[in-house]
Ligand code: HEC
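Form predicted on its own, single chain, as structure tokens, below.
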């Protein structure tokens, strides 16, 4: 076996060394094979906790190993001599098997060749399988192209879906979505390589858009029911950063279930009466027409023009309303400057006892900055200079408290604004609610009228009851708290 192995290796080296391509391929595969195998084992065991380790293995070393194999095979076939042609024919193998004393030798050649081939295929299969799962990971989606996906990854980490992988929503289960996502991803890789990607990244309305079936694997609107108490905390930009609250009783409703009638907010996605709309802009904010199918009856509402005449001639894209038409940013939510600061104040990340901190923070984070570094420096300098001039005792004696506030303001900025991607406080619109006349008011604006004069309601009570609005310590919340405590007493 030793002589046969030596002869086999000698023959292989002789074939490989005849051409530059085969030599290059042989060197690449020889060096990369053990390194790649060790790295894959370490990655499977989770020994190396670094998101770029997978990138190195599956997007650099793996393709290089396959390239080396291709160069090796091409080089051997191109550079072989006439006397070697017989080595690749059935007649040569048949002759060797029939000659006395040759059977054992050729059998060992075949065995060694099979071992080498199967080992190579095993390594390629292992790398391909683990590499595919790596490209499905959140680390790959969020960290591989750091600048491009940085904003999406930052907001994802602070979202309710932060423990759900990106592919669970953006690809889904159907094979056509997987194929579409991979082709889209390939285009995005070239866009990153050649720096042709848009800034900011547009919302994925036509690609990688989660579909209703994906959302409803966890959220089933037909199972929702009743109302929900929603409390919104705000802080006024006054000296005491006055804490005010808005209490809403949201009519969550249901999409209908087991014969129950659809009602409330989730009436919009009931299969009993599908709602369609036509929008005329890419952002889906200009809704020209809405129609409801209620059994065999169809009711159309068209937006009235400036002269109050119905305009039904506008061209646009027609969609059946689903989850994503309201929850258009269920994970990648970019807050407004006011909301971002309120969030930090209510959690204590920004100390609310510092006078005018809400007002001064707003003044420092709302200007446009060319980079994150510039923003952080000017936010820190601006707040320190103002408190040095107006509250010197605070700046000197409570320096730790002020430093904490500055860090909180900077954090609010970094989580929502990304100058390198042209993402500012108002770049992306969230359709939940009706801020700045968007969201619900795309249809519920009082201007969508049917032929018989019926208008889509814009009554506040259609979706919620306002129990208190921007009030310090609302009485209704105190009453609810007292009632709850009374009910808990034995």
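Residue numbers count along the first chain shown, from 1. Remember, predicted model here, so these are calculated numbers, not experimental data.
Just so you know, the form predicted together with the named molecule exists too; it's not on screen, but the next bit is about it.
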So, a 4.5 angstroms cut-off on heavy atom distances: do all three of 160, 265 and 275 pass it with respect to the named molecule in the predicted complex?
yes
Of 141, 372, 126, 76, the one that lies within 4.5 Å of the named molecule in the predicted complex (heavy atoms)
141
Partner-contacting position among 347, 396, 117, 165 - heavy atom within 4.5 Å of the named molecule in the predicted complex:
165
Heavy atoms within 4.5 Å of the named molecule in the predicted complex: which stretch among 221 to 229, 403 to 411, 191 to 199, 379 to 387?
221 to 229
Contact label in the predicted complex: residue 456 to the named molecule, heavy atom within 4.5 Å
yes
Is there a non-hydrogen atom of residue 329 within 4.5 angstroms of a non-hydrogen atom of the named molecule in the predicted complex?
yes
Should residue 28 be classed as touching the named molecule in the predicted complex when contacts are defined as heavy atoms within 4.5 Å?
no
My question is simply whether residue 364 lines the interface with the named molecule in the predicted complex - judged by any non-hydrogen atom within 4.5 Å.
no
Members of 433 to 472 lying within 4.5 angstroms of the named molecule, judged by heavy atom, in the predicted complex:
433, 434, 439, 440, 441, 442, 443, 444, 454, 455, 456, 457, 458, 459, 460, 462, 463, 464, 466, 469
